[in-house]
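Just one chain follows, in the form predicted alone, and it is written as structure tokens.
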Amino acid sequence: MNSMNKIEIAQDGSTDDYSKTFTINNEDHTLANALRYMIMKNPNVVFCGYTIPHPSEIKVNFKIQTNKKVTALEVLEKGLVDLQEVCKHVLHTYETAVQQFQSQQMEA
């Protein structure tokens, strides 16, 4: 099994807790774009962007800068939790719709 951490703080030379680069391993645009969207909805975020270093590398470099009211790590954690909640809601809505459809088909 790979001993690499899922999320690492990149060594970009910054000692500022309000501007950090995180490396998310074993992920691609699917997670990165959704997470970027969720993070940008946070009013304390000044900048959020990501890059995929190379198509053959399965990792995302995520840069977050805040207005210094919260740390970049706090923003990343909140973005992940918020995205998880949205995914749970979408899954619940989908499963409910499937059950309703199947019930209608049984009645027909």
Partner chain sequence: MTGKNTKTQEEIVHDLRTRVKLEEYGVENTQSTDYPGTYEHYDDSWDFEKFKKNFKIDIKSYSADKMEMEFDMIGIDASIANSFRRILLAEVPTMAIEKVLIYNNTSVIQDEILAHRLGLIPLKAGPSKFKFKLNPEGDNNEDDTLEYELKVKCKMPKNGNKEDRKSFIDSKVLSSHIKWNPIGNQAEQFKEEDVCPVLGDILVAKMNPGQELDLKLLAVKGIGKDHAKFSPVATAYYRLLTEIVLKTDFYDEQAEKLKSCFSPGVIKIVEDKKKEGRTKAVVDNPRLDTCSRQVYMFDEFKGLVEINKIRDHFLFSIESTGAVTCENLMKESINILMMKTQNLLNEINSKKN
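Residue numbers count along the first chain shown, from 1. Note that this is a predicted model, so its numbers are computed, not measured.
Beyond the structure shown, there is the form predicted together with the partner chain, which is absent from this document and is the topic of what follows.
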Does at least one non-hydrogen atom of residue 42 fall within 4.5 angstroms of the partner chain in the model of the complex?
yes
Examine residue 12 and determine whether its closest non-hydrogen atom to the partner chain in the model of the complex is within 4.5 angstroms.
no
Please determine whether residue 102 contacts the partner chain in the model of the complex, using a 4.5 Å cut-off between heavy atoms.
yes
Is the gap between residue 85 and the partner chain in the model of the complex 4.5 Å or less for some heavy atom pair?
yes
Quick one: name the residues from 80-102 with any non-hydrogen atom within 4.5 angstroms of the partner chain in the model of the complex.
80, 81, 82, 83, 84, 85, 86, 87, 88, 89, 90, 91, 93, 94, 95, 97, 98, 101, 102
